[in-house]
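So this first bit is one chain, no partners, the form predicted alone, shown in C-alpha cells.
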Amino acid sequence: MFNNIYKNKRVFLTGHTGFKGSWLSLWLTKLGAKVCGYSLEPNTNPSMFTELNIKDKIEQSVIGNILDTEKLEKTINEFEPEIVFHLAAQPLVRLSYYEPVLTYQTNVIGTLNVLEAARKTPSVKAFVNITTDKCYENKEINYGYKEDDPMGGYDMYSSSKGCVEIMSSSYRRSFLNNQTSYSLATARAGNVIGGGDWALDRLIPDCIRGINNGADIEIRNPIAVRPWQHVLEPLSGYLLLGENLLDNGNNFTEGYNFGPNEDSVLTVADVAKRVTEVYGKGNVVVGEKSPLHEAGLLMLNIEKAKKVLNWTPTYNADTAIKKTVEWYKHFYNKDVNMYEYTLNQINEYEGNIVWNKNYAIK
C-alpha cells in the first residue's frame, strides 16, 4: 500500500486520541510507520483510543495541547518525524457557538503552532493539514465546491477552518519556498462516519446511543444534505497525499477535496433510517429544530483528487453505513476482539481499493 513509503517512516500525528486520529494511528502502524501521537486526553467515554488500547500500539503517545508551544516543539523536535499529519481540532459546529474563543484558539492558533514546530524541526519533509469541507463560503446551492472556490463559513467552526486554509496558503508562500523547508498541503473532507465515534452532535453516534438506550433517535434537520463517507475514505486520501508530498515534494502543495460520489450525498433522514434498518431496531423522530444555524446543503467536487492523485471513493453510502453499524454492533455485543476487527476492516478496505494505477487493481 502507498508504495511502501510509510514503512519505517517517522510520523507525527496530532489528534491521535480522537475518532479519525485513532483510525489513522492504526492504519499507519499497519503500514509499518513509527507513529508519535500528540493530543489531549480522549474527550468521550467510551473512546476508540482507549477501547482498542491504541496507546500501546504506536511508538509514542504524548498527552499535550497544541496551544502549549514549548511542549509541542520539544516533542516534535525530539521525535524527528519525516511527515506530520495535523488532525487536532475543535471539530463540532454547535460547540463553536458556545466556545468561539476556544474554537479559534485551537483551530487557528493551534494549527499555526504545529506549522511552526514543524518548521523548526529539520527532519520534517511533508505536512498534511486536515481541515474540512465546511471551509468554503457555502451558498447552499446545488453545486459541489471546488478547491479554488472562496473560503468562508457561517458559524465559528466553519470560519475557523476557512481561516486555516487561508493561513496555510500564506504560510507556504511566506516560509516554505526554499529547498530546506517541508511540503505543505491541505485536505478537506465531508461528513465522516465509522465505528468508534462517540462524539456528541454527530448523527450516527446519536443514532447508536438512541438504539442502545432504547430511546427515540431525534434528528434536528432531516432534510439537510451532506456528503457521507466512511472514515477510511478520507484517511486513504490523506495517506496518498502524504505519499506524494514525500515522493514529489512541492508538486502537490495545494488543497484537495476528499468526498463521496454524488450517489452518496444523502439527507440526514435517509442516513438515520438506513442505520436503523442495518441495526435491526431503532425509531427515528424529528425533534425540535435548533435555533443555531446549520447548513442545509453542502457538497464537494472531487475531480481534482481523481485527476491529480488518482484517488476515488471505494465505498458508497450504503456500504459505509453497513460497515459502521456492524462495528458498533460487535462492540456492544462483545463478541469479537475489536482491535482485530478494526484491522480487518482496514484490510478489507485495502483489498477493494481501485483508485491508484500504481497499486494492484482488484
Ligand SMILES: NC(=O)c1ccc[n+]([C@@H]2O[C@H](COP(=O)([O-])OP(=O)(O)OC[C@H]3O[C@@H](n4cnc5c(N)ncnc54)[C@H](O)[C@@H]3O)[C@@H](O)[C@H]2O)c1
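The first residue of the shown sequence is 1; numbering continues from there. Small disclaimer: the values here were computed from a predicted structure and weren't measured.
There is also a form predicted in complex with this ligand; it is not shown, and the following applies to it.
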In the predicted bound form, residue 342 touching this ligand (heavy atom, 4.5 Å): no
This ligand contact at residue 169 in the predicted bound form, heavy atom, 4.5 Å: no
Close approach of residue 87 to this ligand in the predicted bound form, 4.5 Å, heavy atom: yes
Contact label in the predicted bound form: residue 192 to this ligand, heavy atom within 4.5 Å: yes
The unique member of 81, 210, 237, 91 whose heavy atoms fall within 4.5 Å of this ligand in the predicted bound form: 91
Of 59, 335, 303, 41, the one that lies within 4.5 Å of this ligand in the predicted bound form (heavy atoms): 41
Segment assignment from 50-58, 26-34, 64-72, 303-311: heavy atom within 4.5 Å of this ligand in the predicted bound form: 64-72
Within 113-149, the residues that have a heavy atom no more than 4.5 Å from this ligand in the predicted bound form: 130, 131, 132
